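Just the one chain here, the form predicted on its own, laid out as structure tokens.
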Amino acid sequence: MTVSIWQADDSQEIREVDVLVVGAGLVGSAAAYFVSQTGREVVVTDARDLAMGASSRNAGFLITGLDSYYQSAIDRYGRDVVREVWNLSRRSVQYVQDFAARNNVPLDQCGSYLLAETDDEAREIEVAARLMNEDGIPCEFLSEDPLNRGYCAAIAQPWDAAIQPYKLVEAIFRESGAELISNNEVYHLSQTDDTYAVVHTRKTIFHAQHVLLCTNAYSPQIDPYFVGKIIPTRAQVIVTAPLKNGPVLNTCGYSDYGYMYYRDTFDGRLLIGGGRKQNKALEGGTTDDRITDPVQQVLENYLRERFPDVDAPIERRWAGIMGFSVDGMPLVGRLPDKPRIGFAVGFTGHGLSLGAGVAERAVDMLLNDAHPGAVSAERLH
């Protein structure tokens, strides 16, 4: 972020805090919650406000796992790493479900289908299902389309769910008891003392014993360490008006290797997201959250082709900026030249299913020097 000398001339109030969390989305709010469980003072600051980024602009899917099919993840990361991250995702999803239950956050335990759009994808998900079963994940491979909408096959994960993501973040933050300082851009990080880091923000200069950056897509704007490691990536969505005849899915659908996704909303609309596969050059590397005509056209065509029975007009369109890590897995670590400043970033579109567990590991690393395991940024070094 940049802040002009007119907005902040470094004469701001200096404030000493135990733990400063930068970023008030799902991960930042979960981190604040885990810090609060240790009895430490925690302050959260954000350039905008609570959950105003991707945390409230996503589809609200609680789909356990990584961003690629199980066998593809094994090929990329190794089986032990995939098992560990799957268990981490299960833990994250359980945390989210517990937060939702305690705070009456709308959640539909509708399960999910990972759907194949081609015969090749169907063969891949059949292999994925077999390997998942071998590793104790009780999914079911379906050789036919469970939705009768032209798909080729599916993996059923009945434990997955759909949630209202904005209300979820509100609930987590409320439970954290943290103080929120909103509309407060960070413009400089430093550490010249072994006992604290200095964070210059537009309103305050913080002297913090520990700092945790939960800035995801915006991390490269915070510190050059993240350049090339975190790639901002735009995701777009359409939502229809309420459907006259009720829900058409009763599940979370995820297809074309995750490039398309769809669900019913809690007020009876149909949500469809994706369209990035055909427009990667347009959607990658940007923090501009405006919608674009090429992606919106893909989504409209998908609505007509896969859901011809839906005659409700499109009533809302939006975009959000995801933070893709360079290797597809979250990154937890410390800035190399600023060891009092840690980070938990790079959720690659799966922050709801991985964020809480990763935040817990990041807090344990920051406060107790615990190793964060497979999500450690050391793997990139």
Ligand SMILES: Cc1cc2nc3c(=O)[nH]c(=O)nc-3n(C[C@H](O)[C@H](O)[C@H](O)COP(=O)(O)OP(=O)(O)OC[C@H]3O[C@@H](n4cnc5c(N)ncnc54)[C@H](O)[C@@H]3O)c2cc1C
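In case it trips you up, residue 1 is the first one in the sequence shown, and so on. Computed from a prediction, not measured in an experiment: that's the story for all the values here.
If you look for the form predicted together with the ligand, you will not find it shown, but the lines that follow are about it.
With a 4.5 Å cutoff on heavy atoms, Glu283 does not count as touching the ligand in the model of the complex; it lies far away. Proximity of Ser353 to the ligand in the model of the complex: non-hydrogen atoms within 4.5 Å are present.
Proximity of Tyr218 to the ligand in the model of the complex falls within the 4.5 Å heavy atom cutoff. Using a 4.5 angstroms limit between non-hydrogen atoms, Gly342 is distant from the ligand in the model of the complex. In summary, among the residues Arg317, Arg48, Lys338, Arg40, the only one with a non-hydrogen atom within 4.5 Å of the ligand in the model of the complex is Arg48.
Proximity to the ligand in the model of the complex, taken as a non-hydrogen atom within 4.5 angstroms, holds for one residue of Leu168, Ile230, Cys214, Ala154, which is Cys214. Across the options 49-57, 308-316, 66-74, 328-336, residues that bring heavy atoms within 4.5 Å of the ligand in the model of the complex belong to 49-57. Site residues Phe61, Val186 and Ile321 are all in contact with the ligand in the model of the complex, judged by any heavy atom within 4.5 Å. Contact annotation for 3-25: residues with any non-hydrogen atom within 4.5 angstroms of the ligand in the model of the complex are Val22, Gly23, Ala24, Gly25, listed in sequence order.
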